[in-house]
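A lone chain, given as structure tokens: the form predicted on its own.
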């Protein structure tokens, strides 16, 4: 017992191991770049990428680009949540529809849906509507699947209680099914938000219209390679922050279930 406790005390916390490995990777990258083993023009060292952030904030309007991109991503996730929860509910209500279409929705989740952007360009034009629509398409599959999973997993005893009190199907959904399935549905919304961010930035980059995607594309065209990597790193860091924030919210929902 004592040896097991001593062993656990010797193990570093997971966060130390995680950031220690990241620090070693960055130091190795910096050393390889300065030694000439890696072309600094193609892959700038971390120090140059870090120094480029001042230019991104002052000259490139990083804050405005961030607000635009994530405004579009949240709009896409909000619209996708409304549509996805409704479709997931229909797949839950109809066993035939669930059996027929759930696999199709799962296949959509693994498909490169961002390649549909030319179709949306024809329909909406080169504007924010195309970007938001592509974000909605990207976030729908996980929201639909998790909504159906959450509603399918509601305990039958809860539904029986609702029938005992004579609740209508809508009131039973609103008062029993949806609250019970909310943690699982929120997990789908969280994943959908991340998918929406990926699609929004990707389409901004492809059509060179607004936000972080256009900023990264413009920097690459001007051969501002360090600043371009800085923009990419910024997108990754913000996405990771959103992931951890929404993970904490999901944990809170599960604990209060």
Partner chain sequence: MAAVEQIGGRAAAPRAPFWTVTRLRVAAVLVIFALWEVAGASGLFYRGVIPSSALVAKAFAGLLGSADFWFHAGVTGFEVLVAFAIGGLAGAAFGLLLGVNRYTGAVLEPFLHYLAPTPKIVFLPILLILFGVGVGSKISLGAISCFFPMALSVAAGVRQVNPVFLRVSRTFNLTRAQTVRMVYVPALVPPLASGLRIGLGVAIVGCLMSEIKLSRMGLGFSAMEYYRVFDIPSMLAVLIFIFLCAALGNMAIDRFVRLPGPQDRVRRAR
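Numbering follows the first chain given and starts at 1. Please read all numbers here as calculations on a predicted model, not as lab measurements.
Absent from the display: the form predicted together with its partner chain. The rest refers to it.
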Q: Consider the chain as shown here, without its partner, and state which of 161, 129, 82, 107 has a heavy atom within 4.5 Å of its partner chain in the predicted complex.
A: 107
Q | Residue among 175, 75, 182, 121 with a heavy atom within 4.5 Å of its partner chain in the predicted complex | A | 121
Q.
Does any part of residue 229 reach within 4.5 Å of its partner chain in the predicted complex? Heavy atoms only, please.
A. yes
**Q.** Partner contact for residue 152 in the predicted complex: its partner chain, 4.5 angstroms, heavy atom
**A.** no
Q) Taking heavy atoms and a 4.5 Å cut-off, does residue 205 contact its partner chain in the predicted complex? A) yes
Q: Find out whether any non-hydrogen atom of residue 217 is located within 4.5 angstroms of its partner chain in the predicted complex, and reply yes or no.
A: yes
(Q) Residues 24, 31 and 52 are flagged as a possible site; in the predicted complex, is every one of them within 4.5 Å of its partner chain by some non-hydrogen atom? (A) no
Q. Though the partner is not shown here, which residues of 237 to 252 have a heavy atom within 4.5 Å of its partner chain in the predicted complex?
A. 239, 240, 243
